[in-house]
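Take a look at this single chain in C-alpha cells; it is the form predicted on its own.
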C-alpha cells in the first residue's frame, strides 16, 4: 500500500487538531491559532493546506464519517446475524458510552449537527450519511421480518423512526443538553427497539 503523501498527512493532522479543539471549545471557539497549536504546526502552514476554517470543518466531517462507518460495520459484524442484536449494536455505536465510545468524536458530532443548520455543504454530507444509516437499519429490519419478527409499522418507517430518535438526541445535545438524563440515550433507544419488533403470531390451522 502506498504511503500517504506529506500533504495528506498534514491535512489529516489538521483535521484531528480541529476535532480536538472543537470537542472542548466548540466550532466558533476554535481559532486557526488554536488548531495550529493542537496540530503542532504554524498558522501559516494550516492556511497553506486549507484556505479557511470552513474547509477544515468539511474535511473533518468527511474523516469522522468514514471512521464512524468503519466502526459501525465492525460492531455490526461482532453482533452476529441476529437482527435484534444488530439493531442494539447500531444504537450502541451511535449513542453508547461503553468501551467503544469516543467522547471526543461524539462532542464533534454534536457540533457538526449544530453547524449543519448554517452550512449547506456540511448539511449535504450529513444528509448522505443519514440516508446510508437509514438504509442499513431498513436492511436489518427487512431481515428481521423475514426471520419471523413483526416490524411495526413497517421496515421503512421503523428505520426512519429509529434514526430520528438517534439524530434527535444529537440535536438536543447541541441545543439543550440538560434535557437528557446522563447515560439515558442508548438505553432508551434500545427499549424502543422492543416496541418496533415482536414475534409474528402463529397462524391457526
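Positions refer to the first chain, counted from 1. Since we're looking at a predicted model, the values are computed, not measured. C-alpha atoms forming the largest set that superposes within 1.5 Å between two forms make up the rigid core.
A second form of this protein, the form predicted in complex with another copy of the chain, is not displayed here; the remarks below concern that form.
Contact between residue 147 and another copy of the chain in the model of the complex is not found at the 4.5 Å heavy atom cutoff. Mapping the unseen interface onto this chain, residue 86 falls outside it, with no heavy atom inside 4.5 Å of another copy of the chain in the model of the complex. Heavy atoms of residue 142 never reach within 4.5 Å of another copy of the chain in the model of the complex, leaving it off the interface. Within 4.5 Å of some heavy atom of another copy of the chain in the model of the complex lies at least one heavy atom of residue 169. Using a 4.5 Å cut-off to another copy of the chain in the model of the complex, each of 110, 175 and 180 places a heavy atom inside that distance.
Only one of 66-74, 31-39, 161-169, 52-60 lies within 4.5 Å of another copy of the chain in the model of the complex by heavy atoms, and it is 161-169. Contacts to another copy of the chain in the model of the complex (heavy atom within 4.5 Å) from stretch 123-162: 123, 127, 130, 131, 134, 152, 153, 156, 157, 158, 160, 161, 162. Once you line up the core between the shown form and the other one, the Cα of residue 185 ends up 2 Å or more from where it was. Once the cores line up, the CA of residue 91 ends up 2 angstroms or more apart between the shown form and the other one.
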